[in-house]
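Here's a solo chain for you in structure tokens, the form predicted on its own.
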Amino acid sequence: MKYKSQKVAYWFFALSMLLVSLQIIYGFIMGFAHMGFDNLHELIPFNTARAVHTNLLVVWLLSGFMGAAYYIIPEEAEEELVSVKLAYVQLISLAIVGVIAVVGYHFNYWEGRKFLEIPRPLDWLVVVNVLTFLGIILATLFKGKKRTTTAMVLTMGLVFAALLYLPGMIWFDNQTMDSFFRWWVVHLWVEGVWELIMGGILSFLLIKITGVDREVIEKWLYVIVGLTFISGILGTGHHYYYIGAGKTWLLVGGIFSALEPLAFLGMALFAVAMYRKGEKKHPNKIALNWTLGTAIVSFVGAGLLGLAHTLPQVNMYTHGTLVTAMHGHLAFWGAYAMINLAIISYTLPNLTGRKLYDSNRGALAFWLSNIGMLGMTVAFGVAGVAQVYMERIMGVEFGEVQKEIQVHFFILICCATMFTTGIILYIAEFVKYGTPSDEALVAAA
């Protein structure tokens, strides 16, 4: 590492490792419940497990993004973070808010709005936390010697993510109005501004790993930003028709949803082209695998699988079924989880000074987790198609359909076990690196 304050990033990554572990546990609880083994129902009802599972996903990804920003911005701006102490306070407050929210869900302390279950008082604490984070990042950029395109795109994504959280806090008595603005958070985060964050991190990693000229890589970044805004914003419309917002949105959402894969295709072509063009033989092959994997898997999960069921003629049958879970799992994994694991894999040797690049454990972690997630995606897909046919076409009652598709969740649990083994190996590698060392700073100097 080049700057001492970059060490803050490690602790945000450590929080991510803890939260993803908890998320997986709740995923298994839901998986077994789908198989008919809902023995924990009295203690952890399915709706509670689902809320915890999805909210832990959001928090661990955000923690990873924040850690990435705390590492990347000082290096790009050539300036230490303006306040390391405040960054640690922000980390602790983020963890506290997460713990209170998760515990609260088990006691029905929530708003009950899908994906935005966090109660209103905690919403305000999140706002304060994110404003503190943005204040540190923006002040560091302002003081810095440079303002690179990579840093600006990453920061723009983080700022827009904060702004788009606010519409979800507006109270409406009308269900349609509430859902309309709720999608500003849920959709425009994951299919809009988070893509900018992903693009910024991807650009940084490719510059460092491939050795391709910064100017070439950042030109690609402009294209990705353009595609993201054109498709992602109006593509939100594929949700609106189903909440009573009018037929116009069916057409708008359908057209622009069909364009959304272009942004992810651009990222995939971008990453592979830069890798082939690069002359630099970077020793950190694990970070390279995660970086290229991000671009390719996100195109399949977020791009192709998203397109496969968001077109109006298909979505009228698949909306709210396990087909959505199929798309959601591979999309979140490919686009956002993998980019977090990529930046962590790249930064750990630099933060700790321990060059544990090409261990068999690291390679196994990559392949087991990816193969496991692909298997889970297929299981969700097959179960979802069966659910659509029986429930939406044949008219079989929902509860009966769930019993009929239980067998698919046995396959899903097997694949989830493989995935979890990969994540355990990744965390073991994280622990083996140890904590940041000032010796790494001296070595980098």
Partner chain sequence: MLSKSQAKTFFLGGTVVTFAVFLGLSWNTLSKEVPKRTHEENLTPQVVRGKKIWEANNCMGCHTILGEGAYYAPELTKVYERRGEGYIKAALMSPVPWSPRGRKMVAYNMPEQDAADVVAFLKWIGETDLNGFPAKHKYNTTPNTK
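Everything numeric here is computed off the predicted structure, so don't read it as measured data. Numbering follows the first chain given and starts at 1.
One more form of this protein should be noted, the form predicted in complex with the partner chain, which is absent from this view; the next part is about it.
A.B. asks: Would you confirm whether the three residues 3, 83 and 208 all fall within 4.5 Å of the partner chain in the predicted bound form, going by non-hydrogen atoms?
C.D. replies: Checked in the predicted bound form: no contact with the partner chain for any of the three.
A.B. asks: By the heavy atom within 4.5 Å rule, which residue out of 139, 245, 374, 307 makes contact with the partner chain in the predicted bound form?
C.D. replies: Exactly one listed residue reaches within 4.5 Å, namely 245.
A.B. asks: Which residue, 357, 367, 184, 275, is the contact with the partner chain in the predicted bound form, using a 4.5 Å heavy atom cutoff?
C.D. replies: Selected residue: 184.
A.B. asks: Evaluate residue 46 for contact with the partner chain in the predicted bound form, applying a 4.5 angstroms cut-off between non-hydrogen atoms, and reply yes or no.
C.D. replies: Flag for residue 46 set to yes.
A.B. asks: Counting only non-hydrogen atoms and a 4.5 angstroms cut-off, does residue 113 reach the partner chain in the predicted bound form?
C.D. replies: The answer is yes: residue 113 has a heavy atom within 4.5 Å of the partner chain.
A.B. asks: Would residue 338 sit within 4.5 Å of the partner chain in the predicted bound form, counting heavy atoms only?
C.D. replies: Contact with the partner chain, no.
A.B. asks: Check whether residue 51 has any heavy atom within 4.5 Å of a heavy atom of the partner chain in the predicted bound form, and answer yes or no.
C.D. replies: Looking in the predicted bound form, residue contacts with the partner chain include residue 51, since a heavy atom lies within 4.5 Å.
A.B. asks: If contact means any heavy atom within 4.5 Å, which of 72 to 80, 87 to 95, 114 to 122, 341 to 349 contacts the partner chain in the predicted bound form?
C.D. replies: In the other structure, the partner sits against 114 to 122.
A.B. asks: In sequence order, which positions of 377 to 407 have a non-hydrogen atom within 4.5 Å of the partner chain in the predicted bound form?
C.D. replies: 391, 392, 393, 394, 395, 396, 397, 398, 399, 400, 402, 403, in sequence order.
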